[in-house]
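Before any questions on binding or motion, here is one chain by itself as structure tokens, the form predicted on its own.
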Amino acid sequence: MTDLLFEIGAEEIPASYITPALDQMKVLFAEGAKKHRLEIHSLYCTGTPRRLTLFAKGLPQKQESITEEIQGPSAAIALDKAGNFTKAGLGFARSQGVEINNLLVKKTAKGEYCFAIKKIAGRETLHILPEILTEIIKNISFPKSMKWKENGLFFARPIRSLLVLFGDKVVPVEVNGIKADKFAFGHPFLSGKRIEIPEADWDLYKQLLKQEKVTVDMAERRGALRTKITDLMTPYGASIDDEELLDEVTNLVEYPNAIECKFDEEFLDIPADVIETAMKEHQRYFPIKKSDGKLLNKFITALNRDESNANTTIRGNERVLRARLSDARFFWKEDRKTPLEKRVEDLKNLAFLAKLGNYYDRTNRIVDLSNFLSHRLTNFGTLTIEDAALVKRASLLCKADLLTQMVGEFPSLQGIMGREYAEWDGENPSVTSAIAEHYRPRFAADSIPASKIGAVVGLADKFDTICSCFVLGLIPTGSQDPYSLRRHAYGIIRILEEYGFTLELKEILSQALSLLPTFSERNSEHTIREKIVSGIKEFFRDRLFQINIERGCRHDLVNAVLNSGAGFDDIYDFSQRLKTLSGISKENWWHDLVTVVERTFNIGKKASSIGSVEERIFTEPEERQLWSVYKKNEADIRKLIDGKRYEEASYEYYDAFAKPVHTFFDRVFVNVEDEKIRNNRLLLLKEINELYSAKIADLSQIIIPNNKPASD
């Protein structure tokens, strides 16, 4: 077995491109190896801003030889009556490049056919690798690529070298006139040397590069940076609080180092969020904060060289940040001259989406929808009248900071600056917090709004965005979701779940759509609106399924709750029923419960959709007994369901019906010839089934181990 070392040397690749490119390299090589029948012991990819490296351990020296059978003409055509090959048979042998004695007649499902037996000898791996590696270079995709030398090759940055070793042999790869060899390059500033790598030895490769100031292994480089940054932060009681930033700067350097810098204390009168954003987003600096979270006038920057010119580097970084903070201080001072409330009218000058007006129109929709939600929640006692008034105020001001100079410079601060300016204007603290919170969650791991006021405004904002995009046909497809509608739906689901808001999805969507100019101006659009509501509900259905699968829920449990009569229109109620089902699915009576609902569903679905059970038609004691059990327990079970006591309702249902339902099926023949008796029995079973499946879950969706779905 022999190892492969493959390095693409390039001009500096953007940090965000590196990890996705390495993931692609790994997949592309594995696919190419499989295609060419090459087994791999292990595969590892790593990189720096100037190189993408793949190391494959344990490749064979050559492919396995294989024997291939290729079907040709039928025996009746390939052979004559005497058993000799005809022109058709001989022609088939020639076309496959085999001798006559390598033709074989075999029986198939369609009769006897002539087969060519071809022995394909394995090729040398050294001669296969150029094809695999060239395809990798051609097929790695980047967010943006460059084309040079007019030969059609696109890559993130111009390729400058190729190191390709199979054992101690150079693999003959050539791309863009660059031929592979056994040389890599050290750090461009601290070394500049061309290093000979004698063989495909991973440890030796890392060692030789490290001697030339390159830490090629990404995990090692990240660890070294973490240690250096932590050492600088520890004296202040601070620690790294942004792992994504650490990942990014890891791919900005080859020689992991870090230095401490500072800025003038006078800039600390700017909101801390502004200073941190200027540091992280614009310069990739690490702020230093005390253990209580208070920002210090110090920061750390990753360094791609040693400390020989540290003072110059420190001064340069401090100068750059000073300019950023000076601008931010100016914006902070100027923006506060105009209260947020006075900016609302000017939102007319900020476009939203084509045909859907401007941000002033959008603000009015958010206000109206927030009021609608507040009214519903107030009726349920979830929100107070005082809170509803604060929701109205927060929804009016929630987008006003989009017109500030600060948000123009730092777009990620929208909402956050709204809070800061609202505080300056003397707004109620609950309103100021809600302005910042209504954007949450901004990403998967983000928290939801911390207040009910922020949660309601956030719901209105997200519902308006989703409805607006669906009206314009801007619907997510595949991996494409330019308006982050999946994230908005995720936020809505989490807010409804965690706050326990009882709201009807269809009702909210209808209201949100009615506020859009497309519908508010024309009353004849009811049918179209219903169609869009249906489409958005399907979108939420898919989101609920995917989110809960990612949380670790069984797919059949999720489907059972989604397909119940209650469905998912009340998302909080849906989540409670799913939680209950996940819990009781571990109980020893679970399978009996599933069987009751399954059996009554399978036969009850044949019942007429109209009519009710008539006791006078009963002819068997078992059906009278089952109907008696139903009448005795129905009210109690419905009361438990109405009280959202789903686990108790499930157990009561099981306890009441498990035995009598099985007894009924064992002793009563349902599909009798008498239509009235047959339908009456079917209606009885349908009533029993719907007592559970209409309000809790359709257990016919459940997959019992080693069985098909119950509905089958």
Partner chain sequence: MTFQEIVLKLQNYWADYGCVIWQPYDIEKGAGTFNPATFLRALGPEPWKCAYVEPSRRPTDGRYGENPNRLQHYYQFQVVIKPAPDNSQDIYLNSLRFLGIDLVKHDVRFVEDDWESPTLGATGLGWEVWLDGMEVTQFTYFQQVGGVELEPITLELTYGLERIAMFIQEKESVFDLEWVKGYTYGDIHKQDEVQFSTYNFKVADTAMLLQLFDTYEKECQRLLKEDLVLPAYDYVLKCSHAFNMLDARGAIGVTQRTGYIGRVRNLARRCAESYVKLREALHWPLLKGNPVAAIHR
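Just so it is clear, the model here is predicted, and its values are computed rather than measured. Residue numbers count along the first chain shown, from 1.
The discussion below concerns the form predicted in complex with its partner chain, not included here.
Enquirer: Within 4.5 Å, heavy atoms only, which of K107, R319, K87, K294 is in contact with its partner chain in the predicted bound form?
Expert: Partner contact (heavy atom, 4.5 Å) among the options: R319.
Enquirer: Counting any non-hydrogen atom inside 4.5 Å, which residue from R487, R157, K169, K118 sits next to its partner chain in the predicted bound form?
Expert: None of the others qualify; the residue that does is R157.
Enquirer: Looking at heavy atoms inside 4.5 Å, which stretch does its partner chain contact in the predicted bound form, given the options 447-455, 311-319, 479-487, 425-433?
Expert: After filtering at 4.5 Å, what remains is 311-319.
Enquirer: Any chance D327 has a heavy atom within 4.5 Å of its partner chain in the predicted bound form?
Expert: Output for D327 is yes: heavy atoms within 4.5 Å of its partner chain.
Enquirer: For V253, is any heavy atom within 4.5 Å of its partner chain in the predicted bound form, or not?
Expert: Flag for V253 set to yes.
Enquirer: N379 versus its partner chain, in the predicted bound form: is there a non-hydrogen atom within 4.5 Å?
Expert: N379: no, not in contact with its partner chain in the predicted bound form.
Enquirer: Determine whether any heavy atom of T227 comes within 4.5 Å of a heavy atom of its partner chain in the predicted bound form, and answer yes or no.
Expert: Flag for T227 set to no.
Enquirer: Does the trio R541, F665 and V672 actually contact its partner chain in the predicted bound form, every residue with a heavy atom within 4.5 Å?
Expert: Not a single residue of the candidate spot has a heavy atom within 4.5 Å of its partner chain in the predicted bound form.
Enquirer: At 4.5 Å, heavy atom to heavy atom, what parts of 160-192 sit next to its partner chain in the predicted bound form? List them in sequence order, or say none.
Expert: Heavy-atom contacts to its partner chain in the predicted bound form: R160, F189, L190.
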